[in-house]
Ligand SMILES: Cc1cc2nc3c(=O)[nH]c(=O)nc-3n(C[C@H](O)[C@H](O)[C@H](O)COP(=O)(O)OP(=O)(O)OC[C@H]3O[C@@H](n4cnc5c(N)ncnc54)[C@H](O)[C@@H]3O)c2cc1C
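Given as structure tokens, the chain that follows is alone and in the form predicted alone.
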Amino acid sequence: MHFGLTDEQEMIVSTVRSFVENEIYPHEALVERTGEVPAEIAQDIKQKVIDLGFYASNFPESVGGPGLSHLEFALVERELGRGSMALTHFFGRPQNILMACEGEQIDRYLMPAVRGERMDALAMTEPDAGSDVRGMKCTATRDGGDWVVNGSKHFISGADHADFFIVFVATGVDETPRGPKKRITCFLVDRDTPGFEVANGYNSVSHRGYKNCILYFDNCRLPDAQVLGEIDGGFAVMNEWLYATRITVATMAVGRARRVFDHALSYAAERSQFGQPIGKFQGISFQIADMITEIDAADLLTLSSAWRLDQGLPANREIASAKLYASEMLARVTDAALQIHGGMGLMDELPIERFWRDARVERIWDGTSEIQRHIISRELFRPLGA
């Protein structure tokens, strides 16, 4: 097996890391302090990414994207993980589910998203339907030639900047031997659609400035032209395009862990107690050793799952393992880094407490750790008929 990167892949890593260090890091303190990304900074970041040729780097050349492989895109996301999510949001990675667009949807949604002219947001989660997607209560019913949508969504990331939304709603119920089973349909919803409202969400301790919003539908009428994929085919389009997004969480967790590790390593080498650097004490040096071992393990696990996608190999279990391990690794690494910094680790003069806070959500969104364990065990037992 070959674990090295090509010259082109090394260039991708170097370019994105340099961008994050020069264009993202300088604004992080402002975002942490205010909880906002000024519009001029957001636009400046987006334009520089477009000029750099990395906007919509998760899209193929056939639609105007850079055409990176899954592995190469994972490398991009890993480097972006080093920076504030509120700011790297404008690096621009539209939902690749937009590749399911057909007909007029291509010119109205897909192409503008790839060019950076319109931003999207994915809406699936509801107050009573998080991991249980089929438990959603937001519904669309037929009325003449339209669909009438009623209900709400919450925890919708990026909705404050989105021009349109990719929304999953229930469009019917099938009776099965295991009980009622809801049919799900995906809709494209423009921000200014009558009966649709985007409201402020909750204040989160993780990723300040990266807002979550609440979406309200009150007799919102949508024609069939707004259906993404097939009517009642929401799960099909979801399974084809969205499951790989868990790699993004894993790769960004690895990038963030490497940044916080660099802080911990430098501090352990410079901070002296009892006449010597604290890194000389086994209580610290062994933690440093464990941290880098876990980071490397998560990195290899994540990149190998992306490689499997590029080879056309089954990767569902491997992706779940990567998301599970990397997100939980990040929690351990940030906690250890804070402990190494002692009391100063909790002070906002240093970014350590931010890394620690931000790490907590990674085990929840894009499928909780418990859901990942369910996926992994299910994939193992299925071939055995269990």
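Each residue number is its position in the shown sequence, starting from 1. On a predicted model such as this, the values are computed, not experimentally measured, just so you know.
The following text describes the form predicted in complex with the named molecule, which does not appear among the structures shown.
Undergrad: Which is the contacting stretch out of 276-284, 68-76, 128-136, 84-92, given heavy atoms within 4.5 Å of the named molecule in the predicted bound form?
TA: That would be stretch 128-136.
Undergrad: Is residue 375 part of the interface with the named molecule in the predicted bound form - any heavy atom within 4.5 Å?
TA: Taking the distances in the predicted bound form, the answer for residue 375 is no, it never comes within 4.5 Å of the named molecule.
Undergrad: Applying a 4.5 Å heavy atom distance criterion, does residue 365 contact the named molecule in the predicted bound form?
TA: Yes.
Undergrad: Contact between residue 155 and the named molecule in the predicted bound form at 4.5 Å, heavy atoms?
TA: Although the named molecule is absent here, residue 155 would touch it in the predicted bound form, with heavy atoms inside 4.5 Å.
Undergrad: Tell me, yes or no, whether residue 361 is in contact with the named molecule in the predicted bound form, where a contact means a heavy atom of each within 4.5 Å.
TA: Yes.
Undergrad: Taking the named molecule in the predicted bound form as the reference, which of 253, 260, 123, 186 has a non-hydrogen atom within 4.5 Å?
TA: Contact residue from the list: 123.
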